[in-house]
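Coming up, as structure tokens: structure 1 and structure 2, two forms of one and the same protein chain.
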Structure 1
Amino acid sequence: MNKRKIIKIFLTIVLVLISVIALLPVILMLFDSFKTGSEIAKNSWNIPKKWTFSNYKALMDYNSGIMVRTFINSLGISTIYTAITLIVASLAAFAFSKYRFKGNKVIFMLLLITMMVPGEITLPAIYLMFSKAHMLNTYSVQIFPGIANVFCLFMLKQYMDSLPNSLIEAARIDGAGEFYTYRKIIVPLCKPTIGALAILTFLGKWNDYLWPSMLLTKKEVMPIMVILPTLNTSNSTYSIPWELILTGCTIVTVPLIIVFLIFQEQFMASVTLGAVKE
């Protein structure tokens, strides 16, 4: 056995161990969601001795079905937010990348500077602004304030800069309009980057806790991530229903897996972008 094969086997073993360590909490979460509270206390590290779906039913019936309502809220808000954010970012990136206008570089630089400002600093001003606009406790306040995503703009612009301008010039010669060129040429070519950003944007919005917890007080419009930590079936703060919390964590993980499966080809393609220069 040569040295290269030994190194390959060693690296394979290391990667398998890292994968097991990374997946272990997720597997335990899944198994514990099918256990009762008493079994979790006694048998939290093994396969359930008696599989039960009572936790899922209890979670759906919890507080008059508030978990189902907030799950639908999260799904709708995250999907709409992701779609609008990518549309706005791709249009802006197309303008900054393929058009030359006065102040192009200055405006883009100012937008990049905003990425260096922590979001927590702007929360008081944002709260006052939306309070004056009577937008608190609405779905709108969870969607529209963040659609101007500078990170998505930056990533898309960097990719569009690599696209040859001759494609756009050829389209204009053929009589294509600007929006047609954007929709039929630019967007299809940017699918790898858009797919990767779709996953990251959806994931960020789905896991968002600080923003909705600051701007919302009505449970009916809250996302599930704000409601999930408040689960309690008794008046005692020390009686935490871990079986329901683990079941809720399992449920909120499912949409993330589905989104990744939908965009996995584009995401994996985006990983190798720029790796090989011709």
Structure 2
Amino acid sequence: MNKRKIIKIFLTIVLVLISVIALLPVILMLFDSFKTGSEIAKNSWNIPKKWTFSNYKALMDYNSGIMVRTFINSLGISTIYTAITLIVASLAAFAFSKYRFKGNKVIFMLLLITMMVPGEITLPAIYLMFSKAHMLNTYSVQIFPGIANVFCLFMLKQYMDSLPNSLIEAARIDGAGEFYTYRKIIVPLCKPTIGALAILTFLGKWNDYLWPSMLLTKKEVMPIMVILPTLNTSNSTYSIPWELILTGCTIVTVPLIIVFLIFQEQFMASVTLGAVKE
């Protein structure tokens, strides 16, 4: 009995330590957002001596509200990207899974093979293509490359394969059209997979830095991730205000944490997609 208790206490302590390490940087980021620049210079890791909201105000006004604009950009682009990707992938997955048509197996095989090719290979080409089409500083260039997500397609098809065909037969006998079947029957049944994929896709786009930083130069269309590291206090690029930058980090992080705490199950499910056969 005693041994068990000791082990339990020991393990708990270990886990608590690990949790603290996991939380420390986040807490630091949070605290620093309430400190002035000069306080950060002296004390960047402790509780703020003087709590101030000036950073948040400064960020809102920064460069005529560019932070707000880019935050909305990020939100809009990630949402639309996720929506389009999932719609396109689920439509195709439905066809691959439930229909027999010429080329079904072959096309699917070919698509699967391309999963190995990293999207980054197309970066120079997309850059040139969009620049020659004069679409380089737009929202389209941030949304359209990459909406054909073979991973989503594959996951959805797997899941749909497991749905009994009898459901579709029943719907057909009742006179349902194909699209109706898709919309009202298949999609609702795939909710768990769609939810998990939505989270993965959204987070991937929200976090994206490489693509927007290479393709965009106009501040108005950038996502917030690209603007964040470039914050500076005057029109020049020479002085870096850490307090503002960490405040910006907090602003991008806190909403995600809140959503995470609410939708924990779905987040965890998205991690194990494809990894573990449940």
Partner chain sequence: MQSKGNASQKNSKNSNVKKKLIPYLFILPFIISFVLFFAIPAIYSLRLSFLNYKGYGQAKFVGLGNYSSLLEYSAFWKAVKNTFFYFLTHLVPVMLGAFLIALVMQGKAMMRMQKVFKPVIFLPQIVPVMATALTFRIIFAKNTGAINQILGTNAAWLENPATMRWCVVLMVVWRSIGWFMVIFLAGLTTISKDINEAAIIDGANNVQIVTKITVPLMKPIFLFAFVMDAIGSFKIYTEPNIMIAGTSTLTTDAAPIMNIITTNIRGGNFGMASAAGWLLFLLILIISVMEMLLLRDKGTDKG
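Superpose the two forms; the largest set of C-alphas matching within 1.5 Å is the rigid core. Just so we're on the same page, residue numbers count up from 1 along structure 1's sequence. A quick note: this is a predicted structure, and the numbers were derived from the prediction, not measured.
Form assignment for the chain places structure 2 as the one matching the criterion, namely the form predicted together with the partner chain. Relative to the superposed rigid core, residue 57 undergoes a CA displacement smaller than 2 Å between structures 1 and 2. Residue 42: CA moves 2 Å or more between structures 1 and 2 after rigid-core fitting. Once the two forms are overlaid on the core, residue 13 shows a Cα shift of 5.4 Å between structures 1 and 2. The shift recorded for the CA atom of residue 22 between structures 1 and 2 is 2.4 Å, with superposition on the rigid core.
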